[in-house]
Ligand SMILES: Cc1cc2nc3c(=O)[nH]c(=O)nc-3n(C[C@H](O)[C@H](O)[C@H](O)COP(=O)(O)OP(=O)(O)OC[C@H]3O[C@@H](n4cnc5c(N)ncnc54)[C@H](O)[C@@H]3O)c2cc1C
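Presented as structure tokens, the chain that follows is alone, the form predicted on its own.
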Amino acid sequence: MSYDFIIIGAGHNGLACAAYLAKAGAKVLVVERSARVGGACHTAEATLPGFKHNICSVVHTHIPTGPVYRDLELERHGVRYVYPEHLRGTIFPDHRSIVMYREPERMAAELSRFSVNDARTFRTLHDDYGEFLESTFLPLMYSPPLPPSLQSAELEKSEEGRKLLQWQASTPVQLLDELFESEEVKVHFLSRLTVLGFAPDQFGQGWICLLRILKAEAPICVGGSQQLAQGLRSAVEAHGGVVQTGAEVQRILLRGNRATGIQTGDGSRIEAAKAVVTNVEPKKSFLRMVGEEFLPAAFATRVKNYHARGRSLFVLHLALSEPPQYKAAAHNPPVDIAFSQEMFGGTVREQVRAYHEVSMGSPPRKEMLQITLPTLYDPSQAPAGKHTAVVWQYAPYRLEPGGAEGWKNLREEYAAHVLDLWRSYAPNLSRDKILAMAIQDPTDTERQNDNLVNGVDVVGDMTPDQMGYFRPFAGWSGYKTPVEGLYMCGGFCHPGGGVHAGAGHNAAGVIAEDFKLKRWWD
């Protein structure tokens, strides 16, 4: 059997790329090792029947507003989102809190409870940069990355742009110290960054902090994250594409320096008349499926140096008889119905210290918690009147001492510690309110999805050397590879990890141009 294009891996980027190509009239096959599609878009009854838990991705910030949702008509394929009014709450150890809102004036009023000057600064930032970020960020995500020289040249033309360039070079902590005076306001915005895995004191990431200050949204996929994957699969199949699960790709077949197809674990060989597209992380794609001996030495070295050494997640999936009731709600009632709550210690310095503890192999004993209750806004994810919760605490993949294997001995004790931290903020969560619990330590995350190497949920570190033009490698950020007819479309490509389908969308555009397909989308 022969196809025009074979996509390896049915994560959401692979499915999106396949759907665009299939709708352009190409004959497309998606091959997935697992019995299900979706990769990190995975919803399962991890605790009790009827309780749907999102095993990795919970929030899909850019899907409903980005081009993929519109272009692929995902609503017709059963994908729907709800938008919480109260987005996120940062709760401090003294049980004061800040709730995040999408409306700038409402957000400024919330900040003014801690600092009138900081509220004024927030309004100024929104006036100066809100529209700019809104009009440029999505287009930059949903197109191949520009060389740094071009981006800098544009920003150098205005005072605002030059300020952005300097902020871009700074650390998030430096940016927050420059902008705000209240420690609580700084902690609130810093937690918005570190909750994505960005280091608080790393140079070159100040601009991401600015984006997180001004951009607030938390759309929830009704029925769980798996619904997005099912909708994307439906879009592929509606246009004649084929999705084959339970088939592991062992080799990418070559003829000279050209990819010509794949070989699966049972020995089957399937031809790709035009190209093969990989959604599998770089080391497996190139060193194993292609083979180092068939790669230019410099490219192979880049692949070997691609890193996923950042923070991992220790996760608790809980079935609850009632939602948490926070002490902080006595002073700020909306914190109880915020979509998620973040508890990141009391000071910026404590956040930085806890992050360093993770990098040194020590599970932090202070809170770096994010709590999310999808069922507050999507009751379909649990039986009537009940709730699901996901608790994230940052943790290292390899413990010091003990390595990754050390989690076998530590997981139960650390789960109890994380629950105690949470209960110190929400004392109603007594043992009888927790109907069931499933523990997911960092090694479980990788075991469930080996694209998430070392339990890093964004498919490789999102550090300045692995972002934009440098993701996955400088000179190879345009979704092509040194092997002719072999393309990349995964979260290891620009714009990076997370559920937005940017890499799948962008790769489809490059492929359509290379093979003169009808580009039916804008």
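Numbering starts at 1 and runs along the sequence shown. Treat the numbers as computed from the prediction; the structure is a model and nothing was measured.
One more form of this protein should be noted, the form predicted together with this ligand, which is absent from this view; the next part is about it.
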For this session: With this ligand left out of view, choose which of A44, V458, A474, M467 has a non-hydrogen atom within 4.5 angstroms of it in the predicted complex.
Result: V458
Exercise. Using a 4.5 Å cut on heavy atoms, which of A26, L486, A40, L29 is close to this ligand in the predicted complex?
Worked result: A40
Exercise. Each of G9, A247 and W392 near this ligand in the predicted complex, meaning some heavy atom within 4.5 Å?
Worked result: yes
For this session: Look up in the predicted complex whether T375 has a non-hydrogen atom within 4.5 angstroms of this ligand, and give yes or no.
Result: no
For this session: Give a yes or no for T445: in the predicted complex, does one of its heavy atoms lie within 4.5 Å of a heavy atom belonging to this ligand?
Result: yes
Exercise. Heavy atom to heavy atom, is L313 within 4.5 Å of this ligand in the predicted complex?
Worked result: yes
Problem set entry | Proximity of V499 to this ligand in the predicted complex, heavy atoms at 4.5 Å | yes
Problem set entry | Proximity to this ligand in the predicted complex (heavy atom, within 4.5 Å), stretch among 176-184, 313-321, 98-106, 424-432 | 313-321
Exercise. For the stretch 248-286, which residues lie within 4.5 Å of this ligand in the predicted complex by non-hydrogen atom distance?
Worked result: E248, V249, N279, V280, K284
